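One chain comes next, on its own, written as structure tokens: the form predicted alone.
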Amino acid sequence: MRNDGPPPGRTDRTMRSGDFSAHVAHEILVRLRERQPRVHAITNAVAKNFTANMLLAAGAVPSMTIVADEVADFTRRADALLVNLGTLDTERRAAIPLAIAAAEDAALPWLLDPVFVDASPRRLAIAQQLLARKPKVLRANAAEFEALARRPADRKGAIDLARERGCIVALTGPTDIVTDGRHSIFIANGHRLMARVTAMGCAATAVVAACLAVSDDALLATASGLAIMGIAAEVAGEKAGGPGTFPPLLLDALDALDDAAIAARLRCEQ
């Protein structure tokens, strides 16, 4: 959590982009738990509670206000900002540019999750405007990516967009593609029940934001967040009876996740 001293360090002296491993993911998770960064999440109404609980389980501290006259203050005292377009009502539309401006002023990383931009031309236009403001990370599923990027949701499309926009692109699906345009990481962790519970993608992006708050390597932080989420989901899925029991088991699995589980389960290519 941020205090009156300098912000939590993000130096990755032992890491280089492209050198992703179970050790890297675990080291970033350890930092999360030690430093407890604050993530200000402007997220959709459906996802707020679950997202906050996932951040707490990971070791971060959530704040969630979207009130226009205080969102900038909350953002400035955070360590990362998440902008999720899920329920893009009037209040969120007013809060988002204020929060981004505050993040830019404070030199904080911010992430864009363009939820359902494939379903609404107005939402798509807003997402395109936000993408032009250079988020540190764009996290999208295939349909959202194709609508926003106007190109196929594949490895080449993700790499090209990352190069054009100067950001990390996290294209999530059965295998997540994480790229900065030069290096790419492919993560195949996850569980089928993730697709049967709402807000899983939103929560995953929040975990990525928390990882970004404790690392100066956005590529490794993004890959770590998605890997941590996917591995915890696998652990939870082995015990869950269905989508009703899966979310609380996922919180427990994330809270208990350790280096042995990450090392045993991580499935990635570079």
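Residue indices: 1-based, along the sequence shown. As the structure is a prediction and not an experimental result, all values here were calculated from the model.
Here the subject shifts to the form predicted together with a further copy of the same chain, a form of this protein not shown in this document.
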query: Contact residue in the model of the complex, from R77, K134, R182, R151 (heavy atom within 4.5 Å of a further copy of the same chain); finding: R77
query: Stretch in contact, per heavy atom within 4.5 angstroms of a further copy of the same chain in the model of the complex, of 40 to 48, 202 to 210, 24 to 32, 223 to 231; finding: 40 to 48
query: Exercise: T175 in contact with a further copy of the same chain in the model of the complex, heavy atom 4.5 Å; finding: no
query: is_contact(R163, a further copy of the same chain) in the model of the complex, heavy atom dist at most 4.5 Å; finding: no
query: 4.5 Å heavy atom contact, G237 and a further copy of the same chain in the model of the complex; finding: no
query: D73, heavy atom within 4.5 angstroms of a further copy of the same chain in the model of the complex; finding: yes
query: In the model of the complex: members of 74 to 106 within 4.5 Å of a further copy of the same chain, any heavy atom; finding: F74, R77, T87, L88, D89, T90, E91, R93
